[in-house]
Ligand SMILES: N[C@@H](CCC(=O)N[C@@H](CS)C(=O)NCC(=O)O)C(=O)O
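Presented as structure tokens, the chain that follows is alone, the form predicted alone.
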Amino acid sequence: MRIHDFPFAPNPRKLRTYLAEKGLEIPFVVVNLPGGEHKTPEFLARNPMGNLPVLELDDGSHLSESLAIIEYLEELHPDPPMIGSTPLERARTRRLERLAELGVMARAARYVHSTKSPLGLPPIPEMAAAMLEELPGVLAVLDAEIVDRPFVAGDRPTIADCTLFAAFEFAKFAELDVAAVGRGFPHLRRWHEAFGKRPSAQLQL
């Protein structure tokens, strides 16, 4: 197996963090995202949607979408559990991961690409303003969830941490401190600072 990705993009960053937490070593093939390599016929043959990351399997087939890749690897390597050990744990972790991706990462990514896009996209001030207006709602929910938790879903890291950390880090491209949006979110700041010290958070190119 090998993974096609661009390490600074949020979903590849999420997957890299997950792999590091699991202790899994899978070779990476870096795709030149700013150079448009993800739009070439060769890459589109691997993933017609043109997004990253993409897992290339040993039989030559491909699996796209970061969460699908993570779920597949989690089934192959269930220890340590990164989604949960019981049906209820898994449901709660998946809920938080979806809040992190759809609520925070998606909005942070739109903000970045509407202000200082690393892909060179033109600024869209009204989009950036809308994202800043929408972010506090979901951040407040997550901030309240982790008041007494070292990690997003409990006392050990899960895929929810990987997704939320990737969102916070990608926002830095536009000098956006996610934990300071609105009135600020102290529990998310405490979590982000602590998670950022973990070996899995140290980006390896």
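Please read these numbers as outputs of a predicted model, since none were measured by experiment. Numbers for residues come from their place in the sequence shown, where the first is 1.
We do not show the form predicted together with this ligand, though everything after this point is about it.
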Candidate spot Pro10, Leu33 and His38, all three in 4.5 Å heavy atom range of this ligand in the predicted bound form? yes
Quick one: from Ala167, Leu55, Leu52, Val152, grab the residue that has a heavy atom within 4.5 Å of this ligand in the predicted bound form. Leu52
Only one of 61-69, 137-145, 156-164, 174-182 sits within 4.5 Å of this ligand in the predicted bound form by heavy atom distance, namely 61-69
